[in-house]
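For reference, the chain that follows is the form predicted alone, supplied as structure tokens.
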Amino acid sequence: MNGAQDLGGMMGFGPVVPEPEEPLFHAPWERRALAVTIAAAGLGEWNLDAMRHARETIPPPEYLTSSYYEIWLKGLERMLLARGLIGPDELAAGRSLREARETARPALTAGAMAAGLARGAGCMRPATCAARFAAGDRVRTLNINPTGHTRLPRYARGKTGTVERVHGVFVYPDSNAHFRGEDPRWCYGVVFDGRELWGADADPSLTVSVDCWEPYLEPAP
């Protein structure tokens, strides 16, 4: 969707200023926010793409004035409410007001967390059809403005580039985020010239690589 998270190519937000010796967490609550989000994901009530979409739907004024882990917490609140794991009254009270319902998977224990993170949850799937494109093919991205989740950046829509790598078949985020199934699709690394993306004033030496699922692409004319 075209949300506040899709800032590529937009101006007026100031420079990105790297923080020297940046710590992993700036405050103890950020550490806890990460832990709670990961633990909640282990309940099996949503997937990675659905959580991304929950963050994207935060209203732009709120999103743009929230810190990184504030966005994580707000996305988690939205997902917990949407899945019926908490009620608005419990969120307002800051505590449970009724017995928790059964979840798709049991809650993770502290002892199981490290092993679960190390194991991960891969998104690659077996191919059921041949790839439409190959390395070296010229392709054009579709000019789309979906209301749902997509991994095609707004700045790279309707642009022509070259397939530099065929990654394989992966879960299709546009479907998975809305619980419509994984719908695995081929995914490609596509490289774009900076001037194709940003215009004639862009650095002529700049290139940008974007991972594009097959439904985003068509053969370049």
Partner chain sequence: MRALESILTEKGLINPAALDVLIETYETRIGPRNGARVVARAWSDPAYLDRLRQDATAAIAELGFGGRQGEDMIVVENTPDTHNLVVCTLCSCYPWPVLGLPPVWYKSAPYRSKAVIDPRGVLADFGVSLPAATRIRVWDSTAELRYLVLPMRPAGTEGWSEDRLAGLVTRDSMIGTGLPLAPEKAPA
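Since the structure is predicted, the reported quantities are computational estimates derived from the model, not experimental observations. Positions refer to the first chain, counted from 1.
Quick note: we don't show the form predicted together with the partner chain, though the next part is all about it.
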query	finding
Exercise: residue 146 in contact with the partner chain in the model of the complex, heavy atom 4.5 Å	no
Distance check, residue 63 to the partner chain in the model of the complex, heavy atom within 4.5 Å	yes
Close approach of residue 136 to the partner chain in the model of the complex, 4.5 Å, heavy atom	no
Exercise: residue 8 in contact with the partner chain in the model of the complex, heavy atom 4.5 Å	yes
Contacts with the partner chain in the model of the complex, stretch 63-89 (heavy atom within 4.5 Å)	63, 68, 69, 72, 73, 76, 77, 80, 85, 86
